[in-house]
Structure formats: structure tokens, C-alpha cells
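Next up: a single chain in C-alpha cells, the form predicted on its own.
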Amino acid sequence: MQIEKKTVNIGFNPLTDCAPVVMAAMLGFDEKHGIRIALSRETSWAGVRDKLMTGELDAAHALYGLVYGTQLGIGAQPRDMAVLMNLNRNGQAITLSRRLAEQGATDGASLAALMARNVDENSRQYVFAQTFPTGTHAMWLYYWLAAHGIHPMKDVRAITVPPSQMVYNLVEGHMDGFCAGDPWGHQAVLDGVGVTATTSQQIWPDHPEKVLGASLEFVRAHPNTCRALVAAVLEAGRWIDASDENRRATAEIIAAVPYINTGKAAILPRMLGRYDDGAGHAWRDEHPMCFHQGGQANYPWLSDGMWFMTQFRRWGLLKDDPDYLAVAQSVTQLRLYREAAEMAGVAVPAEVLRSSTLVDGHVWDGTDPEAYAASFPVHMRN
């Protein structure tokens, strides 16, 4: 197999789930497959999108919804995009400020009750941050608020803040809460400035999270490079998930200044599935962040991409229903993934759709996305 581009520039944001791309380079899985991963630490998801468009980055640790939002031209000129693989499942959180917790708001129901009381007592706007307008964190935040009767477009103000700046902005009182990937939710708990109201896996157990994204133009020009890249990252994810010892070693590496630049104590517990919400509740999570799961976590299910489009439609980011399946088939590089998985010795499911039940009881299986998008009592559809 002739590799078209030996050095591959890969962007990432400082989050725990950048681990597979970092470890693919650190452990030499890239060299095993004939490439060299050159890592680039980015400061925002908008920066990742823009650098993928200009070619400064060849591929990136990216938000699922960022890839689909760019494909559909939401907030920017449309550009044909590609999902090469899923990088992980689970491991994000919605954090409420300590100020809200002291007023009794520590979960969705108590937040809704507090907001209802304040409507009568003193009118003020609640502000919640997500990391990118079409990203996963925006969708988890909106879904969770709506599931508790809080309209995310009318009852609160949503702002966009880069993940590594969430804790600072919470401390400064610029917002009442945020949704972001770890370690920033756990960092807020450690610093005593926030409580974990819910984890993303409580919203959707084993949900899709980050992907390895690229422009379709890059993939078509460099298919063998992309196969080698996916194979290398698959091997890294499998290695991380193989043992707690490997997760500890990974946390040690990614905590360093070139990557997340935070203490290992903010990263490791939740990597091991050990959660403390900062409000007196600690537990061992049944659905912690995972990077492989025998390939199940990495397989780019068509229904996963379609779900994000249903939420874009629900919240008025799309004025009309797209051809959900056709768009997902165009973006998701299933054939390339299967070939790369074979190179890495990773099993591939035969199906392209999967079924899940979310926190509000809605079942998503990808079979009727138009009806699903229209089925919610809280939405912004035309």
C-alpha cells in the first residue's frame, strides 16, 4: 500500500478524549502503519474547523456535530466532510455552579424548580455554556434542559466557550453552568466551584462523542494515508482500554503541558469510571469513557451521525429535514473504516444502525429520523 502522505497533521483540543490520537503517536502505532502523526494542540473547536478547511490540519480529534454542521453549512460555508471513525463514547458532563448548588440546584429537576421560583421572585437570565454551536456538548445541554422542561432557546441564554476556559468563566460568574468534556467538569468539582448535575452517559448511555474528522477532499486525495491513520488510532484505543494500568499510563502522558496541561488527578478518576459529583454523591459508573469496546466504540454508525442532524432540525439550526440517510452515507467513510479495521484486526458490526433509549424515554434507532425530530414537545421547528 503506497502511503500518499507520510506525515499527517492532526489537531486536538485539550480534553481527556484526545487520548487515542496522542497515544497512537506516543506508542508508535503510527510508525507501525507507515505514517508519522504530527500533533497540533488547538484552542477552540472553531479553530479546528477552520484549519481543516484551509488544509493546515489533515485530520482532527473533532466533535461529531462539528463535522455534520460544516457539511450542512450551519454557521459557515458548506464543505464536504468525512467521519473516519469514532474515537470514544461517554465521558462528558453538565456542571452547575456552586452558587446554584447552594440554592438547591444540583440536578435537572431541582434546576427547573429553582428557575420556576425565580421567575416569580426576580427575573434574571440564566447562562449556560457549550463548546460549539452544533457540537455534541450543545446537543447534550439542550437535550437535558428540554427533558426537564427548560427551553434551551427561550428560558436560558446559551454561549460558546472553549472547553479549557470553562472553569475560569464559571469562577468569574460569567455563566451558571456548562457542558464540556472531561477533565473540565471534574476540575470544577476539584476546585470546589461546581457540581456535576449529570454525565452525558446518563443522557444517552454509550453515546457517540468525538470522531476522527477530515475534509472529504483530503480523504479522496489520501485514502491510504487515512487507512493507516485509522488503523493506528484503532490500535491505540484498544491499548488504552485493555487495562486500568494502561489508562493510568495514558492519564500521566496526556496530563502533560503539550496536551491537556492539568493535574493527573483531574483526569484519572473518571478515566477509571470513578465519579464524585461534588454534592455528596460518589459512584462507579457503568458507562465510563471508553475508547474501543471491542471496536463497538469506534465503529461510525450511520444512526449516530443522523441523530445529530435530528437535533439540528429540532432546534431550528436546519429549516428543513435533510435526506438524513444520504448525508450520513456521504460523510461516514464506512468502506475505508472497514478496510482499516481489518488492518488493525478489529471486528466490524454488520449493521449500520443501532438502537438507544435516551434520558427522556425517547428511543432512537435511525429508522424514521423525520418523525423523531418532530416528536419532541420542546423544540424550535418551523
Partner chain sequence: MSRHLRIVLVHPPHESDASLRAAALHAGLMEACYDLVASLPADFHLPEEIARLQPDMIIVDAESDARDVLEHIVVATRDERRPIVMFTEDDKQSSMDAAMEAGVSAYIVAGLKPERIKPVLSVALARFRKEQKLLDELQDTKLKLAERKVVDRAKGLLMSRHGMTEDQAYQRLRTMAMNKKLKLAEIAQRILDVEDLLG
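Positions refer to the first chain, counted from 1. Keep in mind that this is a model prediction, so the values were computed, not measured.
From this point on, the text means the form predicted together with the partner chain, which you will not see here.
Engineer: Applying a 4.5 Å heavy atom distance criterion, does Ile37 contact the partner chain in the model of the complex?
Structural biologist: Output for Ile37 is no: heavy atoms all beyond 4.5 Å of the partner chain.
Engineer: Even though the partner isn't displayed, in the model of the complex is Gln77 close enough to the partner chain, meaning a heavy atom within 4.5 Å?
Structural biologist: Although the partner chain is absent here, Gln77 would touch it in the model of the complex, with heavy atoms inside 4.5 Å.
Engineer: Against the partner chain in the model of the complex, would Phe132 count as a contact residue? Criterion: heavy atoms within 4.5 Å.
Structural biologist: Yes - in the model of the complex, heavy atoms of Phe132 and the partner chain come within 4.5 Å of each other.
Engineer: Does the partner chain come within 4.5 Å of any heavy atom of Gln71 in the model of the complex?
Structural biologist: Outside the cut-off, so no.
Engineer: Using heavy atoms only and a 4.5 Å cut-off, determine which of Pro269, Pro300, Pro162, Pro152 is in contact with the partner chain in the model of the complex.
Structural biologist: After the contact test, the surviving option is Pro162.
Engineer: Given that the partner chain is left out here, which of Trp45, Tyr64, Phe29, Tyr337 has a heavy atom within 4.5 Å of it in the model of the complex?
Structural biologist: Looking at Trp45, Tyr64, Phe29, Tyr337 one by one, just Trp45 meets the 4.5 Å heavy-atom criterion.
Engineer: Taking the partner as it appears in the model of the complex, which of 152 to 160, 244 to 252, 180 to 188, 198 to 206 has residues with heavy atoms within 4.5 Å of the partner chain?
Structural biologist: Checking each option against the 4.5 Å cut-off leaves 152 to 160.
Engineer: If we check the partner chain in the model of the complex, which of the residues in 40 to 71 reach within 4.5 angstroms of it by a non-hydrogen atom?
Structural biologist: Read in sequence order, the residues that approach the partner chain (within 4.5 Å, in the model of the complex) are Thr43, Ser44, Trp45, Ala46, Gly47, Arg49, Asp50, Lys51, Met53, Thr54, Glu56.
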